[in-house]
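As structure tokens, one chain now follows by itself in the form predicted alone.
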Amino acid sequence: MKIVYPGSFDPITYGHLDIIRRCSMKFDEVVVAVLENNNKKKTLFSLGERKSLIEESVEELENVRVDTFSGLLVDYVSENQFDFVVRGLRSVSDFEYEFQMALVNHQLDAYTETLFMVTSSRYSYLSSSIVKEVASFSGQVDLMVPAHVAMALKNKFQEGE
């Protein structure tokens, strides 16, 4: 089975990587699809930077590849013939949003099915937004992101000074 794990990944965190690793043990092929956000939210890292950070983070996982997409997820899913969309859940509020998105996607394309995976409890507090906020104040993010991502954050915020 071939699944897609879509998201902004700005930046990728250990919570994301937990979901990716667990999926890689359950599915034949996992595609981490980085969304190019044209209109909804401004990203700290460019699309290319986000893709590169993820590729370095998953290089040891042979059945995981990284791709980018823009537009509707259902179109990307259909074009690439994924069996499922996987979404990670940290909290009830995540579930409410992701459930709504899954219903919309299913309405747009009845063949698009979403699987929800609950994040490990050790990462339930973690989000890319929190990581960026901590890093913006030169806080330690070593327990939140891989070392190369922490360095990229440090460099990004030093550029802005």
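Residue indices: 1-based, along the sequence shown. Because the structure is a prediction, the values reported are computed rather than measured.
Note that the form predicted in complex with 4'-phosphopantetheine (PNS) isn't included here; everything after this is about it.
Proximity of G15, V32 and T119 to 4'-phosphopantetheine (PNS) in the predicted complex is absent: no residue of the three has a non-hydrogen atom within 4.5 angstroms.
None of 110-118, 97-105, 130-138, 58-66 except one has non-hydrogen atoms within 4.5 angstroms of 4'-phosphopantetheine (PNS) in the predicted complex; the exception is 97-105. Interface residue remark: K42 is not counted as part of the site for 4'-phosphopantetheine (PNS) in the predicted complex, having no heavy atom within 4.5 Å. Contact annotation for L89: none of its heavy atoms lies within 4.5 Å of 4'-phosphopantetheine (PNS) in the predicted complex. Residues F69, G71, L72, L73 of 53-82 are found to place at least one heavy atom within 4.5 Å of 4'-phosphopantetheine (PNS) in the predicted complex.
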